[in-house]
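The form predicted on its own is given below as one chain in structure tokens.
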Amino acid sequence: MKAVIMAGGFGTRMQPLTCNIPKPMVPLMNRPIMLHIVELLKKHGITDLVMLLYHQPSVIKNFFRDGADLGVRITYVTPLEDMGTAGAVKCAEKYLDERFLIISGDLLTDFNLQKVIDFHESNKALATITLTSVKDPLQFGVVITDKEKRITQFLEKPGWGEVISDTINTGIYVLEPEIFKFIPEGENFDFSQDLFPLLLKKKSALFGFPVKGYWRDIGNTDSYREAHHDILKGKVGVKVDEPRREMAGVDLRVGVDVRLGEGTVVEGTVVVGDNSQIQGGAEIKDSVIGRNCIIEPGAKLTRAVVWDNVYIKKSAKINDCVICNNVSVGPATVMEEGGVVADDTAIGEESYIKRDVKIWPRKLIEAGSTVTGNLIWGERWKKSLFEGEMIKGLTNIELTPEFVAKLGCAYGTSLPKGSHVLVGRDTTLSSRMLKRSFLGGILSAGVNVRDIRMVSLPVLRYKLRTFGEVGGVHFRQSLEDPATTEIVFLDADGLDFSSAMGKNIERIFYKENFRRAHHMEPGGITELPQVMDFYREGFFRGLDQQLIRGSKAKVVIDFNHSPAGQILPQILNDLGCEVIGLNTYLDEQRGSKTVDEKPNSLQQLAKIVMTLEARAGFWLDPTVEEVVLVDETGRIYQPEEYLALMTTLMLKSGARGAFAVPVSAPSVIEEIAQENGSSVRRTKSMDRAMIEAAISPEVVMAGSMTGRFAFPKFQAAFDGMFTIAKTIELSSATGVPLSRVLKEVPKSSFLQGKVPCVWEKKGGIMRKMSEDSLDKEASFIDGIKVSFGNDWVLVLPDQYQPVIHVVAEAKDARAAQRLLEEYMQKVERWKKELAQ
């Protein structure tokens, strides 16, 4: 007698276990599930097998080959398309010219198949379906038979209101070859849905035979874990390759070259595959460990299923989880019940994988992470959500609507119930999609939303400085990567979130300690249509309007499709300026330009400025915070040049006070300020640090090293629109071209470089820089800045990138170059020393 093993399924419900291998090859007690089926068939004298394959057939063929090693003969049939269960068997018709048995390759059963065959033969049946009773028949096909075991009714996957029996179809059939005349050629045809109902309708000899024994359809990851539990408890007998090792009170099976360290605690039934090491002090209970695994001291595994080549480091705790091939689990990591970690994944130390979380293949979980949801797309799970004041991630992959709604819940929970927040976005559809999900989360926490829709970040900041809201959030597309969305969080004063504020939301998010509003008390959404008028009024008050109107300046502005293109031209026109706007229209599909397009855009802007004989050109960043200046000669200014120019212009216009600049800014700023009776406040490079400095009443301007400026007379926050207007005002006040003002700025050579450096070594690099600077004049405002008279060098670790910045300034170009190269080489040398 022959048997057909159905082994073509995709195993979709078993993902991520089946991401890399077909479902029948998923290991059960360190052996493919289908191998247990082959041995069951052989046990009942069936050695002529036809395997029906479809998904990843080569994996199965490479393992079983012709079957000779197992004492069976195997014929493979691979339909070219999905033909359904019966349709696939039809493809193997030429090999099935006698009575045959059909069985699934992903079952775990110890049924006495001979009894089924005998029943079939004695009743002269055309088809016999093997039946069994289960507690929950909803996910199976229920079968009703009469006294002679003839089938009288089928009910496929009934609801509880339809259940009329607990007897189900097990997927094991005995069939006569005449069955093929009922199966159409080349059509998708199913046993349960098509063939058996047809036989019932034609009153053919269709029987159902109930069998006692163990039967489980390993259809999902829960069922997979439970199958192991049942085997370890002895509910079903399966062959285990690893021989038993004598140990009192323990059923221990170990393979070849297995090392159990002294002091290892083993309880219940434990299987350890070939060449694995369980180091002393580990505790293993009721678990299956694959081949080539290492379990370090202090690790504790309970009811765990571990595949091959897995490294579980010390003090990790794994409870009722599945860990697939080539996974490393960091020290002190905790995995709760139901977790699944797929192939080629690395989990950092002290990570926390919550209950039922499934991690798809090839992921990197950063050390200290708390993983609360399934990680399917993307490559990394970060231990912290915030990067400074923002949360950023790949749109619809890392930042999904579900994720963002949960983030909104966490943010809303951190705020007083019944309070109001201000929310806006850029022009892109992806920002709109995610913002709407986010609003749902906020409302569910009982917090109200004032939605100002499509608006630039400076306008949102300006509104926050007035009254009414306890915070603000802005959604925008990343300039570096259009596929990434950035969510910027602001406090009640319009300042960027501090790290403490971000950590508060992270705690709520990871613990899922959300406040749920009563059904009568969710938050509401209102709109603020007058926000732009409010902003315009403040904008005009912050400028010398008469001076600007008198200058009749002509300027060219590249708006980069930002919302500023909708308001700034009108504002400048009202001030008597002639504005030639580039890229002013909004394009929701396209979004803003990318970083790669910036150089060409600047060159184009410079040409237009010269051609039109404009006073200046401005390239406005899509965030409407950063500005690149082009003077009347077409010269494109570097950020440090623009900073020095604006400082000079402010002082020429009579402004006196303090100028807030980052520690990395050129020293010429001090030189210019001191000559004119003003001072300079050095700050950290972080935006929040600069804006906090700008709040001080003495500060007249804050300028970054990225072309962003804040003028506290208007608002103590970076505002590209106001920066453009202020530049026009200041240049009008001097009455000389910008290029001539720049010539008055003291000259120095200012150079910047960066050295790639992994996160783990950043601290060590800065320690070595600190040791290297012991006998030098050094400051530690942000990074370590070492002075050599008028020359200096700064070594600064990047906050968000695996990079160390090196900045050098000197009066002489060669001296600056020498300083830069010297310290970049030092950083490289320290990296090598730290690696030893």
Partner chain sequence: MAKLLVVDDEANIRLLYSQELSDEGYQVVTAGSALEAVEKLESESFDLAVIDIKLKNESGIELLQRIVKERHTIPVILCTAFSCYKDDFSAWLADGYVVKSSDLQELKDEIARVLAKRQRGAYV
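Numbering follows the first chain given and starts at 1. These numbers were taken from a predicted model, which means no experiment stands behind them.
There is another form of this protein, the form predicted in complex with its partner chain, and it is not shown here; the text below is about that form.
A heavy atom within 4.5 Å of its partner chain in the predicted complex is found for one listed residue only; from D136, D533, E178, E402, this is D533. Between the options K747, R541, K233, K203, the residue in contact with its partner chain in the predicted complex by a heavy atom within 4.5 angstroms is R541. Listed stretches are 522-530, 438-446, 702-710, 321-329; the contact stretch with its partner chain in the predicted complex is 522-530, by a heavy atom cutoff of 4.5 Å.
Proximity to its partner chain in the predicted complex holds for none of H55, D82 and G219, with the criterion being a heavy atom within 4.5 Å. In the predicted complex, at least one heavy atom of I695 sits within 4.5 Å of its partner chain.
Using a 4.5 angstroms limit between non-hydrogen atoms, D493 touches its partner chain in the predicted complex.
Of the heavy atoms in R465, some are within 4.5 Å of its partner chain in the predicted complex. Heavy atoms of E760 never reach within 4.5 Å of its partner chain in the predicted complex, leaving it off the interface.
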